[in-house]
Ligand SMILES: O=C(O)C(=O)C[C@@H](O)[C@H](O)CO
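Just one chain follows, in the form predicted alone, and it is written as structure tokens.
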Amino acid sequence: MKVTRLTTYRLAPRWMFLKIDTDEGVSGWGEPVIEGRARSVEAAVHELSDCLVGQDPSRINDLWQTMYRSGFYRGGPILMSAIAGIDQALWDIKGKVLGVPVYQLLGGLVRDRMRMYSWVGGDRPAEVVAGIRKLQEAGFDTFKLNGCEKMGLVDSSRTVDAAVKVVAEIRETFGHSIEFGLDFHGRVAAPMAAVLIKELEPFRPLFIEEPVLAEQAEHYPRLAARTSIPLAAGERMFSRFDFKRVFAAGGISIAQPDLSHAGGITECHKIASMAEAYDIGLAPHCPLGPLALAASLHVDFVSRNAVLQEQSMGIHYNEGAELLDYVLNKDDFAFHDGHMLPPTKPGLGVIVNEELVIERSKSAPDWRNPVWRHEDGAIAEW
């Protein structure tokens, strides 16, 4: 079997699908994208096609290493996201050829179901409470929400109090019938992170995500030493080499690699094993589409340290398409009391509605994240 063609489809709301065809009629699908930079990743995918066309798709490890090492310059969000989607599609092909789900090729199940959590949008307490109630009806009891709005390098007590007020009202409304993580989203700089974490500690959030940006990772152990709240990070780390320095320095309790950003199944399986060696939990980042979610689940189901899985149903970024709009076998992605069961179909287990993908890709929007500024006009972290 040989790879014959790579075809990319940019899609609403902010996704990109990749189809890899072979000369024996078996095709695989992946999801290579950086939110807001889909065209850049698309160009990288097609540049990497030189490493793939004419090659045996079953040699996933060799193809991965060739894509990673043959270009001299390596790593970073664009190249690693391109590799990630290609890697997902190669695993999809391999599973389909052998007639088994990908997790069987990685050693088989370590659990029977995976606990999912759902994003809750809104910055006002009433909006967040209403969002949680709606998702509770769908069976969820675990959530993630913004820990704050924009925050200056050194900010006021009023700004801190506003962030704490939202969390206090959620805990007062729901007690401990729910669990929630708080995403600082890289909006909080080191001088304010310790202040805000201390104020949030009485409400016992499940974790705090990206307490500071990944490029400020030296603060993770310092912040962890000052709080009992588990710290989580990883969506803006793109390889095991990024993670190894963070794991060795300490401070992170939950690793959050993104299966569409950090080299795909091949690389994230290794990151999960590295995390286990440091007694760190795994909770893959996944605010994207169905192929990214499926890839995440296959790693979750073979990783003993996987604790939570993000998914994008109803996320406020989803304008123009929802999680399963491009999927024909929607029932295979049903939620069971806030959990998902292992995929049963070969490969990734996603039957893509290719006709709809082709049609919708003709008018795909170029999504961009908001650009925020502080009151003095300086650019703010979104």
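Worth saying up front: this structure is predicted, and the values here are computed from it rather than measured. Numbers for residues come from their place in the sequence shown, where the first is 1.
The form predicted in complex with this ligand is left out here; the points below concern that form.
Peer 1: Check, residue by residue, if R14, E35 and P287 all come within 4.5 Å of this ligand in the predicted complex, counting heavy atoms only.
Peer 2: The answer is yes: all three residues contact the partner (heavy atom, 4.5 Å cut-off).
Peer 1: Can you check 279-287, 98-106, 81-89, 244-252 and let me know which stretch has heavy atoms within 4.5 Å of this ligand in the predicted complex?
Peer 2: Every other range fails; the passing one is 279-287.
Peer 1: Please identify the residue among W119, Y220, F140, F174 with any heavy atom within 4.5 Å of this ligand in the predicted complex.
Peer 2: After the contact test, the surviving option is W119.
Peer 1: Is E235 part of the interface with this ligand in the predicted complex - any heavy atom within 4.5 Å?
Peer 2: Contact check for E235: yes, within 4.5 Å of this ligand in the predicted complex.
Peer 1: Do F335 and this ligand come within 4.5 Å of each other in the predicted complex, heavy atoms counted?
Peer 2: Contact check for F335: no, nothing within 4.5 Å of this ligand in the predicted complex.
Peer 1: Please tell me whether any heavy atom belonging to E310 falls inside 4.5 Å of a heavy atom of this ligand, as the geometry stands in the predicted complex.
Peer 2: Result yes; E310 sits at the interface with this ligand in the predicted complex.
Peer 1: Does this ligand come within 4.5 Å of any heavy atom of Y9 in the predicted complex?
Peer 2: Heavy-atom contact with this ligand at 4.5 Å: absent for Y9.
Peer 1: Can you name the residues of 319-341 that have a non-hydrogen atom within 4.5 angstroms of this ligand in the predicted complex?
Peer 2: Heavy-atom contacts to this ligand in the predicted complex: nothing from 319-341.
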